[in-house]
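Just one chain is shown here, as structure tokens, and it is the form predicted alone.
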């Protein structure tokens, strides 16, 4: 926080669970070393950063993403023209379903290594609604009983892209159910309702009850912060310790954003 203050940035926590709004920085110009270090520290502390008024160009969004890992070229979804690393996240006014479906999830956990950070830029917003919910997965793990933590710690789970088969190597990955964050050293629950299908060594039927418990537990209200959007806002979040959920409460209006997701670097 002190480094951000020294740079003249204003940091306002968005809720007790996680998240902060950061004013005063300009991402349309290359970050200086001290600015990049301050941004990294804030993301590590708050897990979700809402950065209003950025209006970054596609090249700038991709370049910023490279701070956090290699920008993903999605194996199944079409990117925007000229920028294979950027996905359009759009719901048209006449559509009912949201981009990616209505599930709590972390981005791209069906690949190995999984994603590190997502950067979502707001282009067009409804007059009301369309917020995004974020849930702290450090807290989700830390509030489990000691017995449950010990049971989960050695387990691994299958993460599968919806509609694909486990035989498709581009669509499936195995990850620990409890992951230790490389930056913070803290343990986080690492399953999600969009991609996690079963535990390794178990069938889907055998896994179902425990997964359903974890899916409900990890999105409890006290772990969640609701983040609103403004035109030009860029929001960053750490997929290694956060789940998110896009609210679908703006029928009749268009919502358009563009996303860069970066993949975790193997250390």
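Positions refer to the first chain, counted from 1. Owing to the predicted nature of the structure, the values given are computational and were not obtained by experimental measurement.
This next part talks about the form predicted together with a small molecule, which is not shown.
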Selected contact from 177, 194, 72, 120, since only one has a non-hydrogen atom within 4.5 angstroms of the small molecule in the model of the complex: 120
Heavy atom within 4.5 Å of the small molecule in the model of the complex - the one residue of 149, 132, 184, 112 that qualifies: 132
Exercise: residue 21 in contact with the small molecule in the model of the complex, heavy atom 4.5 Å: no
4.5 Å heavy atom contact, residue 172 and the small molecule in the model of the complex: no
In the model of the complex, residue 144 touching the small molecule (heavy atom, 4.5 Å): no
Contact label in the model of the complex: residue 17 to the small molecule, heavy atom within 4.5 Å: no
Contact stretch among 237 to 245, 53 to 61, 217 to 225, 28 to 36 - heavy atom within 4.5 Å of the small molecule in the model of the complex: 237 to 245
Residues 99, 105 and 259 all lining the small molecule in the model of the complex, heavy atom within 4.5 Å: yes
